[in-house]
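One chain comes next, on its own, written out as structure tokens in the form predicted alone.
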């Protein structure tokens, strides 16, 4: 991969990590607040139904995961397995698409 490509991946990895840090903090904070307020899981899910805000928040969360994880796995595959080349890129793009699809399906289940 070119130096420009490596730089782009590095920036995407760090940017997605920043988004994930914020999303995890918000998610945990809201869950702690809700549970301490006495809400059950069913009551929490009932409150998310039809919420465009929560759909957008968790959609961003899922997108950040779909960017962040494959880039990290790429580094592991290169360093530990010596896997390089086009096949690695294709496999990781497919994995990213799978993460995105499954994550958005979960968001849909929670919000719709």
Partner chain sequence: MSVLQVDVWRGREDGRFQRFEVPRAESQTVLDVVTYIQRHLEPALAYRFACRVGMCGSCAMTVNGVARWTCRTHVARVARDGRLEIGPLANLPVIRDLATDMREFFDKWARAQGQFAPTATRRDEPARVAPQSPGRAAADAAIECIGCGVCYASCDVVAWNRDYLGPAALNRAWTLVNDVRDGARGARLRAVAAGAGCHACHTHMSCTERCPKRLSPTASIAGLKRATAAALLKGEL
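Keep in mind that this is a model prediction, so the values were computed, not measured. Residue numbers count along the first chain shown, from 1.
There is another form of the same protein, the form predicted together with the partner chain; it is not shown, and what comes next is about it.
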Q: Give a yes or no for residue 79: in the model of the complex, does one of its heavy atoms lie within 4.5 Å of a heavy atom belonging to the partner chain?
A: yes
(Q) Can you tell me whether residue 4 touches the partner chain? I mean in the model of the complex, with a 4.5 angstroms heavy atom cut-off. (A) yes
Q) Looking at the partner-bound form in the model of the complex, is residue 49 within 4.5 Å of the partner chain by any heavy atom? A) no
Q) in the model of the complex, does residue 75 have a heavy atom within 4.5 Å of the partner chain? A) yes
Q: Look at the stretches 24-32, 55-63, 39-47, 80-88 and give the one with heavy atoms within 4.5 Å of the partner chain in the model of the complex.
A: 80-88
**Q.** in the model of the complex, the residue from 101, 94, 11, 18 that sits within 4.5 Å of the partner chain by heavy atoms
**A.** 11
